[in-house]
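Alright, here's a single protein chain in two forms, structure 1 and structure 2, each given by itself as structure tokens.
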Structure 1
């Protein structure tokens, strides 16, 4: 289909071809990049190096760290809590297709200018602005055993579906994942809306003239044009699902019931600051970085797979 190949051409490769035009002014090019690179080198890369170095040491934060080789990583392999937490994080990763689809669909819906779209756009952003403290308190009340949700289920005769949502080992993790998706879909909507606003309308219109159906256009034109944005969102949620959800989980369930919603970032925080095992915590961080990168790489490859 012509439309799809047209969309595909707006890729990084063409950008490069164009770039050749400026290749004569080598220094200017680097000047664009340099400020960001310097800042990143000093404030991110150097600390990352420090953290990686610490991962091979035993350090309590008081005396000097001493090198212990791979010992932290060996311990990590035997660490039941870490492995359990990691499994919970992987369960969150499994939910990622929903996490992409929901904001994508909502953004497309808003983009159609459905009645009240400005209102919806604002309202869908509200959960993002709510602090984890509020979410914890709010869902603690809504999902309580005798709370409004179970009350509603019972009043419509679905009492059988009423559960202890936040105290059932089998249910709590899915419930928490649901809340997390709900609490963050506004960010995704925002990003996808920006992507849709950037659509090359000419290609879409060309497809319409060609008589393509709405679904065909969605699948063959919009999706491919939005692919860089989708890829971006995928990478961001993979990273966030490993590194940024502890506050939410902490206020919602305190990691419970039992250890059912413990996550690696919680494990990391408590190893580093509660127990003061800074070397071990760094090792956890390094392993997480590895897992995150592998997961991201896998998902991006999957997204791009159909393209070729």
Structure 2
């Protein structure tokens, strides 16, 4: 009886010790996470909350903001420049198939270790490390009416193709989109290379044994294994298309000619720092955040539906 009661008394004490140890580990994890959580709150959560608050005010950045209700959002619905800027952003988003297909194809070529694959991996990633301001200044020179591109076309007898690439409202936006894709697709190449490095090679080998062609393996095996990577890259593209290209556009075209290359983030900048309407600019930022969330959610849902 004594032995039995002694053995039984060990259980609760042991359980309490395990519980205390588990609680201590949980507290330690939270302590390690605390600096990151503080930074997240200070740099992201608070600014978002404050922007939402300011979106319902009239504020010039100097005097105290005063509440005007939904007036900023009502003005947005009537703002032709905002609608035009939003259409330009959607034009960038519509280019997503190119943004996915080109890095995907390049990554597959590098993954198979074609001749010079290390060199190509470096070359394709090089534009990513350049500042958008540098890229904008560089292409501003190259694409100028008297710049190197038109000079090269004239020198080989193709002067008829020479154009004012950055001064034609019908042509400037496609040119800017092409530059953006070229400047960023190296990130996509690296992301797809990481996905290809984690393929289930047993499935690929089984398909080869069954006599599947290289195209069939790509279409029915590799593509479906890379679909989560495609989802991830798609979300990055959508977020970047609304938030990441202001420096390049500002340096390259300053939103021109006219408003031909105005994007939503460029319009936000113009309203805040040119027109001094920071409350209205906050409303643009809130709407932009909502559009990004809806667009990303819709694209991910569509890709998952296709996968199922």
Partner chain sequence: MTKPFRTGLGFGLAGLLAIALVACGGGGDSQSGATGGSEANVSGKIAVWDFEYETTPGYTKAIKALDAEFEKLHPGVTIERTAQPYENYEAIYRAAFTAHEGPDIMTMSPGQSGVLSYKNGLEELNDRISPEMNESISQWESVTPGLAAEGPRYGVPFGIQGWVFYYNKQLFAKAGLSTSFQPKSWGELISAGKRLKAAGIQPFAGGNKEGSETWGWFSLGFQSANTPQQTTELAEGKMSYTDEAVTKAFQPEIETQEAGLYPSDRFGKTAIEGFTQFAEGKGAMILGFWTTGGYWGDFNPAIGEKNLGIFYPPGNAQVGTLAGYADSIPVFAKNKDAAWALIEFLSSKKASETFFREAGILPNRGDVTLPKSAPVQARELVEASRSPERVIAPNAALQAAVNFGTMPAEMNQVLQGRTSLEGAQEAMQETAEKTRVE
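A quick note: this is a predicted structure, and the numbers were derived from the prediction, not measured. Here, rigid core means the biggest group of C-alpha atoms that superpose within 1.5 Å across both forms. Numbering follows the first chain given and starts at 1.
Asks: Can you tell me whether structure 1 or structure 2 is the form predicted together with its partner chain?
Replies: Number 1 is right.
Asks: For residue 126, decide whether the Cα shift between structures 1 and 2 is 2 Å or greater, given a superposition on the rigid core.
Replies: The answer is no, as the C-alpha of residue 126 shifts between structures 1 and 2 by less than 2 Å after core alignment.
Asks: So, does residue 265 move by 2 Å or more at the CA between structures 1 and 2, with the core held fixed?
Replies: Stays below the 2 Å threshold, so no.
Asks: Does residue 156 show a Cα shift reaching 2 Å between structures 1 and 2 after rigid-core superposition?
Replies: Residue 156: C-alpha displaced by 2 Å or more between structures 1 and 2.
Asks: After aligning on the rigid core, report the distance the C-alpha of residue 38 travels between structures 1 and 2, in angstrom.
Replies: Its C-alpha position differs by 7.1 Å.
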